[in-house]
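Only one chain is included here, represented as C-alpha coordinates and corresponding to the form predicted alone.
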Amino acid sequence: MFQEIRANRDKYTAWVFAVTVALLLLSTFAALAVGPARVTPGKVLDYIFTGRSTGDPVSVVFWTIRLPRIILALMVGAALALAGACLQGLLLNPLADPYVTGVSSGAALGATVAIFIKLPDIPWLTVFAMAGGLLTLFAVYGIATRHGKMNIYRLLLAGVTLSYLFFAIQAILLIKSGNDVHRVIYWLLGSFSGRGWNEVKIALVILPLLAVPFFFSDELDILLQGEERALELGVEVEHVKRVLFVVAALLTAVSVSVSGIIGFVGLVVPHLARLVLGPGHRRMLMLSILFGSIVMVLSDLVARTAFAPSEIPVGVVTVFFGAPFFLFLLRRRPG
(Lines give C-alpha, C1' and ligand atoms only; values in the text may rest on other atoms or scores of the structure.)
Protein backbone atom coordinates (compact mmCIF):
# COMPACT_ATOMS: atom_id res chain seq x y z
CA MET A 1 0.00 0.00 0.00
CA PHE A 2 2.77 2.43 0.98
CA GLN A 3 4.72 1.54 -2.15
CA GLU A 4 1.66 2.31 -4.27
CA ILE A 5 1.18 5.68 -2.54
CA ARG A 6 4.85 6.52 -3.06
CA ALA A 7 4.70 5.48 -6.72
CA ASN A 8 1.65 7.69 -7.27
CA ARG A 9 3.39 10.57 -5.54
CA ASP A 10 6.49 10.14 -7.69
CA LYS A 11 4.35 10.07 -10.85
CA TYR A 12 2.57 13.23 -9.74
CA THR A 13 5.89 14.94 -9.00
CA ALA A 14 7.31 13.96 -12.39
CA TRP A 15 4.16 15.23 -14.10
CA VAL A 16 4.34 18.54 -12.23
CA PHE A 17 7.99 19.09 -13.18
CA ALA A 18 7.36 18.12 -16.81
CA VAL A 19 4.48 20.60 -17.11
CA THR A 20 6.46 23.32 -15.31
CA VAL A 21 9.52 22.93 -17.56
CA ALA A 22 7.23 23.05 -20.61
CA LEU A 23 5.64 26.25 -19.28
CA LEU A 24 9.08 27.73 -18.67
CA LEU A 25 10.18 27.00 -22.24
CA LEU A 26 6.92 28.35 -23.69
CA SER A 27 7.00 31.54 -21.61
CA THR A 28 10.66 32.16 -22.47
CA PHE A 29 9.98 31.61 -26.16
CA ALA A 30 6.97 33.95 -26.03
CA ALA A 31 9.02 36.62 -24.27
CA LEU A 32 11.71 36.37 -26.97
CA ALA A 33 9.17 36.68 -29.76
CA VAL A 34 6.76 39.32 -28.44
CA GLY A 35 7.61 42.98 -28.00
CA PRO A 36 7.71 46.34 -29.78
CA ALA A 37 9.88 44.63 -32.40
CA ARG A 38 7.98 41.40 -33.04
CA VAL A 39 9.99 38.36 -34.04
CA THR A 40 8.39 35.32 -35.64
CA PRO A 41 8.96 31.94 -33.94
CA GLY A 42 11.02 30.83 -36.92
CA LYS A 43 13.22 33.91 -36.65
CA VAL A 44 13.73 33.33 -32.91
CA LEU A 45 15.09 29.85 -33.59
CA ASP A 46 17.15 31.15 -36.50
CA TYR A 47 18.74 33.91 -34.36
CA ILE A 48 19.49 31.48 -31.53
CA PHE A 49 21.18 28.88 -33.75
CA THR A 50 22.91 31.16 -36.27
CA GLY A 51 23.98 34.06 -34.09
CA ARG A 52 23.84 37.80 -34.67
CA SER A 53 23.44 39.16 -38.19
CA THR A 54 24.91 42.65 -38.64
CA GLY A 55 22.76 43.37 -41.67
CA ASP A 56 19.50 42.62 -39.85
CA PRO A 57 18.37 45.36 -37.40
CA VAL A 58 15.88 43.00 -35.71
CA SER A 59 18.73 40.56 -35.08
CA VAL A 60 20.70 43.34 -33.39
CA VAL A 61 17.72 44.20 -31.18
CA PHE A 62 17.25 40.53 -30.35
CA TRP A 63 20.86 39.91 -29.35
CA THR A 64 21.71 43.23 -27.65
CA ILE A 65 18.41 44.05 -25.89
CA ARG A 66 15.86 41.27 -25.72
CA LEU A 67 17.92 38.11 -25.12
CA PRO A 68 20.07 39.49 -22.25
CA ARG A 69 16.94 40.97 -20.70
CA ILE A 70 15.12 37.62 -20.74
CA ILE A 71 18.16 35.75 -19.37
CA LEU A 72 18.42 38.30 -16.56
CA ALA A 73 14.71 37.94 -15.74
CA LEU A 74 15.08 34.15 -15.58
CA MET A 75 18.00 34.35 -13.16
CA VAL A 76 16.53 37.07 -10.94
CA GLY A 77 13.18 35.28 -10.70
CA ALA A 78 14.90 32.04 -9.71
CA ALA A 79 17.14 33.82 -7.18
CA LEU A 80 14.34 35.71 -5.40
CA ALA A 81 12.06 32.67 -5.26
CA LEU A 82 14.82 30.43 -3.84
CA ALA A 83 15.90 33.08 -1.33
CA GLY A 84 12.30 33.38 -0.13
CA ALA A 85 11.91 29.60 0.15
CA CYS A 86 15.13 29.30 2.17
CA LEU A 87 14.21 32.10 4.56
CA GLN A 88 10.69 30.79 5.12
CA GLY A 89 12.11 27.38 6.01
CA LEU A 90 14.95 28.81 8.07
CA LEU A 91 12.86 31.31 10.04
CA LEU A 92 9.80 29.04 10.25
CA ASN A 93 7.82 32.07 9.13
CA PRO A 94 5.54 31.94 6.07
CA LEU A 95 5.70 35.75 5.79
CA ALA A 96 9.48 35.81 5.35
CA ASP A 97 10.74 37.00 1.99
CA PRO A 98 14.15 38.04 0.59
CA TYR A 99 13.68 41.61 1.81
CA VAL A 100 13.28 40.97 5.55
CA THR A 101 17.06 40.82 5.92
CA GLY A 102 17.45 44.51 5.04
CA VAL A 103 19.86 43.64 2.23
CA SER A 104 17.53 45.00 -0.44
CA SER A 105 17.22 48.32 1.39
CA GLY A 106 20.99 48.57 1.61
CA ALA A 107 21.28 47.86 -2.12
CA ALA A 108 18.58 50.43 -2.86
CA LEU A 109 20.43 53.02 -0.80
CA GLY A 110 23.65 52.26 -2.64
CA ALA A 111 21.92 52.74 -6.00
CA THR A 112 20.31 55.99 -4.79
CA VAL A 113 23.74 57.32 -3.75
CA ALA A 114 25.13 56.46 -7.20
CA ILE A 115 22.28 58.33 -8.89
CA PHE A 116 22.55 61.25 -6.45
CA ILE A 117 26.22 61.84 -7.23
CA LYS A 118 25.37 61.45 -10.94
CA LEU A 119 27.42 58.38 -11.76
CA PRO A 120 26.64 56.54 -15.01
CA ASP A 121 24.35 53.50 -14.77
CA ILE A 122 26.98 51.18 -16.24
CA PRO A 123 28.70 49.96 -14.18
CA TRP A 124 28.41 52.24 -11.14
CA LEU A 125 24.71 51.89 -10.36
CA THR A 126 25.09 48.12 -10.11
CA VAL A 127 28.41 48.36 -8.24
CA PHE A 128 27.04 50.75 -5.61
CA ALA A 129 23.88 48.66 -5.20
CA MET A 130 25.91 45.50 -4.75
CA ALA A 131 28.22 47.21 -2.24
CA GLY A 132 25.25 48.53 -0.24
CA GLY A 133 23.66 45.09 -0.13
CA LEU A 134 26.85 43.33 0.97
CA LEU A 135 27.64 45.91 3.66
CA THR A 136 24.12 45.46 5.03
CA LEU A 137 24.59 41.69 4.99
CA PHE A 138 27.72 42.00 7.13
CA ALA A 139 26.02 44.46 9.49
CA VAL A 140 22.91 42.31 10.02
CA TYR A 141 24.97 39.16 10.44
CA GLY A 142 27.21 40.87 13.01
CA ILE A 143 24.25 42.22 15.00
CA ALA A 144 22.38 38.90 14.96
CA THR A 145 25.37 36.73 15.95
CA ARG A 146 26.73 36.45 19.49
CA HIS A 147 29.17 33.85 20.78
CA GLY A 148 28.93 32.00 17.48
CA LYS A 149 25.12 31.72 17.58
CA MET A 150 22.74 33.51 15.25
CA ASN A 151 19.55 34.74 16.89
CA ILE A 152 16.72 34.64 14.34
CA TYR A 153 14.61 37.27 16.08
CA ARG A 154 17.57 39.63 16.42
CA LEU A 155 18.27 39.08 12.74
CA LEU A 156 14.72 40.06 11.76
CA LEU A 157 14.70 43.10 14.04
CA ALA A 158 18.09 44.24 12.74
CA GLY A 159 16.95 43.83 9.14
CA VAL A 160 13.72 45.76 9.68
CA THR A 161 15.44 48.54 11.69
CA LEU A 162 18.17 49.05 9.11
CA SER A 163 15.52 49.10 6.36
CA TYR A 164 13.76 52.00 8.10
CA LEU A 165 17.06 53.81 8.62
CA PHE A 166 18.08 53.41 4.99
CA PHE A 167 14.62 54.53 3.86
CA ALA A 168 15.03 57.75 5.87
CA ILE A 169 18.42 58.43 4.29
CA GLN A 170 16.96 57.64 0.88
CA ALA A 171 14.12 60.09 1.45
CA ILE A 172 16.61 62.87 2.17
CA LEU A 173 18.59 62.04 -0.96
CA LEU A 174 15.39 61.96 -3.04
CA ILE A 175 14.40 65.41 -1.79
CA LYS A 176 17.82 66.74 -2.71
CA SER A 177 18.17 64.91 -6.04
CA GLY A 178 16.00 67.28 -8.09
CA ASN A 179 15.54 66.03 -11.63
CA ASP A 180 16.83 62.56 -10.77
CA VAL A 181 13.79 61.70 -8.61
CA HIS A 182 12.02 59.91 -11.47
CA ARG A 183 15.13 57.89 -12.24
CA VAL A 184 15.52 56.80 -8.61
CA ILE A 185 11.86 55.88 -8.17
CA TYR A 186 11.78 53.91 -11.43
CA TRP A 187 14.83 51.93 -10.33
CA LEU A 188 13.35 51.29 -6.89
CA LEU A 189 10.19 49.84 -8.45
CA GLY A 190 12.28 47.25 -10.31
CA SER A 191 12.85 46.94 -14.02
CA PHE A 192 14.91 45.12 -16.63
CA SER A 193 14.72 48.04 -19.04
CA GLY A 194 18.11 49.04 -20.36
CA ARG A 195 19.83 46.01 -18.85
CA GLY A 196 22.28 44.18 -21.07
CA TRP A 197 25.08 41.66 -21.13
CA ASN A 198 27.08 43.50 -18.44
CA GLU A 199 24.28 42.90 -15.93
CA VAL A 200 23.97 39.29 -17.10
CA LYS A 201 27.67 38.75 -16.37
CA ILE A 202 27.21 40.11 -12.85
CA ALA A 203 24.11 37.97 -12.30
CA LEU A 204 25.99 34.79 -13.24
CA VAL A 205 27.04 34.71 -9.59
CA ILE A 206 23.48 33.54 -8.95
CA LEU A 207 23.96 30.20 -10.73
CA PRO A 208 26.36 28.50 -8.26
CA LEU A 209 24.46 29.99 -5.32
CA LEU A 210 21.27 28.30 -6.53
CA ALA A 211 22.81 24.89 -5.87
CA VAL A 212 23.82 25.49 -2.23
CA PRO A 213 20.40 25.15 -0.49
CA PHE A 214 19.88 21.68 -1.99
CA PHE A 215 22.76 20.39 0.14
CA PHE A 216 20.71 21.39 3.20
CA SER A 217 17.25 20.27 2.11
CA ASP A 218 17.15 17.41 4.66
CA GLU A 219 18.19 19.77 7.43
CA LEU A 220 15.46 22.23 6.42
CA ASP A 221 12.91 19.43 6.61
CA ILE A 222 14.06 18.57 10.13
CA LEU A 223 14.06 22.24 11.19
CA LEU A 224 10.31 22.29 10.54
CA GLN A 225 10.07 20.44 13.87
CA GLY A 226 11.93 23.24 15.68
CA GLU A 227 15.57 23.96 16.53
CA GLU A 228 15.62 21.88 19.72
CA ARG A 229 14.34 18.78 17.95
CA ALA A 230 16.80 19.37 15.10
CA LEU A 231 19.68 19.51 17.59
CA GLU A 232 18.51 16.26 19.13
CA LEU A 233 18.58 14.66 15.69
CA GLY A 234 22.16 15.77 15.08
CA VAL A 235 21.61 18.80 12.84
CA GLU A 236 24.30 21.50 13.09
CA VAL A 237 21.67 24.20 13.39
CA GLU A 238 24.00 27.20 13.63
CA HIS A 239 25.99 26.10 10.59
CA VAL A 240 22.79 25.62 8.56
CA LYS A 241 21.46 29.03 9.63
CA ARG A 242 24.70 30.82 8.78
CA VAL A 243 25.10 29.25 5.34
CA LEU A 244 21.49 29.62 4.23
CA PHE A 245 21.16 33.18 5.55
CA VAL A 246 24.31 34.27 3.72
CA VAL A 247 23.23 32.50 0.51
CA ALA A 248 19.73 34.02 0.64
CA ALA A 249 21.16 37.47 1.33
CA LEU A 250 23.71 37.18 -1.50
CA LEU A 251 21.00 36.05 -3.93
CA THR A 252 18.94 39.08 -2.90
CA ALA A 253 21.85 41.51 -3.13
CA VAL A 254 22.85 40.37 -6.62
CA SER A 255 19.24 40.41 -7.83
CA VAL A 256 18.50 43.89 -6.49
CA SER A 257 21.77 45.26 -7.84
CA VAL A 258 20.85 44.33 -11.44
CA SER A 259 17.07 44.80 -11.42
CA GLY A 260 16.00 47.03 -8.54
CA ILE A 261 13.44 45.96 -5.95
CA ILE A 262 10.88 43.48 -7.29
CA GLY A 263 8.38 42.46 -4.65
CA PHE A 264 6.15 39.47 -3.94
CA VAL A 265 8.09 36.91 -6.02
CA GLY A 266 10.08 35.69 -3.02
CA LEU A 267 6.96 35.70 -0.84
CA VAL A 268 4.30 34.14 -3.07
CA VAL A 269 6.23 31.67 -5.24
CA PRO A 270 7.44 29.42 -2.35
CA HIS A 271 3.85 29.26 -1.08
CA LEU A 272 2.68 28.20 -4.53
CA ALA A 273 5.40 25.54 -4.79
CA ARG A 274 4.53 24.26 -1.31
CA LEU A 275 0.85 24.14 -2.25
CA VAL A 276 1.60 22.05 -5.35
CA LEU A 277 4.21 19.59 -3.99
CA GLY A 278 4.00 19.84 -0.21
CA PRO A 279 6.58 20.96 2.36
CA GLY A 280 9.45 18.62 1.37
CA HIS A 281 12.26 21.06 0.63
CA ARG A 282 14.19 19.19 -2.05
CA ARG A 283 11.25 19.21 -4.47
CA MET A 284 9.84 22.50 -3.23
CA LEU A 285 13.12 24.39 -3.72
CA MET A 286 13.47 23.16 -7.30
CA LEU A 287 9.86 24.00 -8.12
CA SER A 288 10.33 27.47 -6.58
CA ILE A 289 13.24 28.12 -8.93
CA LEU A 290 11.18 27.12 -11.97
CA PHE A 291 8.06 29.00 -10.84
CA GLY A 292 10.15 32.09 -10.02
CA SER A 293 11.67 32.17 -13.49
CA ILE A 294 8.27 31.74 -15.15
CA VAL A 295 6.64 34.46 -13.04
CA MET A 296 9.46 36.93 -13.68
CA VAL A 297 9.65 36.36 -17.44
CA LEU A 298 5.88 36.69 -17.85
CA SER A 299 5.77 39.76 -15.58
CA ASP A 300 8.49 41.42 -17.65
CA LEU A 301 6.58 40.54 -20.81
CA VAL A 302 3.49 42.27 -19.42
CA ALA A 303 5.58 45.23 -18.23
CA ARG A 304 6.94 45.97 -21.70
CA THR A 305 3.85 45.18 -23.79
CA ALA A 306 0.75 46.13 -21.74
CA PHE A 307 1.14 49.86 -22.45
CA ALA A 308 3.52 49.74 -25.41
CA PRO A 309 5.38 51.76 -26.52
CA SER A 310 5.53 52.93 -22.88
CA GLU A 311 6.90 50.53 -20.28
CA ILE A 312 5.93 50.07 -16.66
CA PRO A 313 8.24 48.78 -13.91
CA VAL A 314 8.13 45.01 -13.55
CA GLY A 315 7.88 45.40 -9.79
CA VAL A 316 4.46 47.00 -10.28
CA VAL A 317 3.30 43.97 -12.29
CA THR A 318 4.47 41.43 -9.69
CA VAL A 319 2.70 43.30 -6.89
CA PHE A 320 -0.46 43.79 -8.96
CA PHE A 321 -0.80 40.04 -9.55
CA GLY A 322 1.02 38.76 -6.47
CA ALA A 323 -0.99 40.62 -3.80
CA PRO A 324 -4.43 39.23 -4.79
CA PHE A 325 -2.98 35.74 -5.18
CA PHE A 326 -1.38 35.87 -1.74
CA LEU A 327 -4.67 37.06 -0.21
CA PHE A 328 -6.33 34.10 -1.92
CA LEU A 329 -3.80 31.75 -0.34
CA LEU A 330 -4.42 33.31 3.07
CA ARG A 331 -8.14 32.83 2.60
CA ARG A 332 -7.62 29.12 1.87
CA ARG A 333 -5.51 28.49 4.99
CA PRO A 334 -7.38 26.64 7.72
CA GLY A 335 -7.97 28.33 11.06
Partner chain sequence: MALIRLEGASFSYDAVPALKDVSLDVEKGDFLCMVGPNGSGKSTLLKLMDGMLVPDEGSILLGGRPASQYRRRDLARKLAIVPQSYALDFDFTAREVVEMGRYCHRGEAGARSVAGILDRLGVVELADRPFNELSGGERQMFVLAQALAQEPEALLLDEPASHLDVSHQLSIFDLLVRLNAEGMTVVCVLHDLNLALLYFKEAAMLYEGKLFAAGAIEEVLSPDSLASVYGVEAQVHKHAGRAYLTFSPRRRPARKLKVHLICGGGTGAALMRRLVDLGYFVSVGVVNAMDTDEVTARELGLPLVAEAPFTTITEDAYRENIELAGSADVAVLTAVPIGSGNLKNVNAVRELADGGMPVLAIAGIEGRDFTEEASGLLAGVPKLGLVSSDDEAVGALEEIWESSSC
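Positions refer to the first chain, counted from 1. Everything quoted here is computed from the prediction, not taken from an experiment.
In what follows, reference is made to the form predicted together with the partner chain, a form of this protein that is not presented.
Engineer: Check for me: heavy atom within 4.5 Å of the partner chain in the predicted bound form, for each of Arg9, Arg229 and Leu233, yes or no.
Structural biologist: Every residue of the spot touches the partner chain in the predicted bound form.
Engineer: Whether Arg274 contacts the partner chain in the predicted bound form should be assessed with a 4.5 Å heavy atom distance threshold; does it?
Structural biologist: Although the partner chain is absent here, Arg274 would touch it in the predicted bound form, with heavy atoms inside 4.5 Å.
Engineer: Closest heavy atom of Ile169 to the partner chain in the predicted bound form, within 4.5 Å or not?
Structural biologist: Looking in the predicted bound form, residue contacts with the partner chain do not include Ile169, since no heavy atom lies within 4.5 Å.
Engineer: Does at least one non-hydrogen atom of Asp221 fall within 4.5 angstroms of the partner chain in the predicted bound form?
Structural biologist: Heavy-atom contact with the partner chain at 4.5 Å: present for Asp221.
Engineer: Just to confirm, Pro68 within 4.5 Å of the partner chain in the predicted bound form by heavy atoms?
Structural biologist: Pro68: no, not in contact with the partner chain in the predicted bound form.
Engineer: Looking at 294-302, 39-47, 276-284, 54-62, which one sits within 4.5 Å of the partner chain in the predicted bound form if you count heavy atoms only?
Structural biologist: The contacting stretch here is 276-284.
Engineer: Of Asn151, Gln225, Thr161, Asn198, which residue is found within 4.5 angstroms of the partner chain in the predicted bound form when only non-hydrogen atoms are counted?
Structural biologist: Contact with the partner chain in the predicted bound form is made by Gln225 alone.
Engineer: Though the partner chain is not shown, can you say which of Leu157, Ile175, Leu92, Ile185 has a heavy atom within 4.5 Å of it in the predicted bound form?
Structural biologist: Here the answer is residue option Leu92.
Engineer: Considering only 119-141, what residues come within 4.5 Å of the partner chain in the predicted bound form, judged by heavy atoms?
Structural biologist: The stretch does not touch the partner at all.
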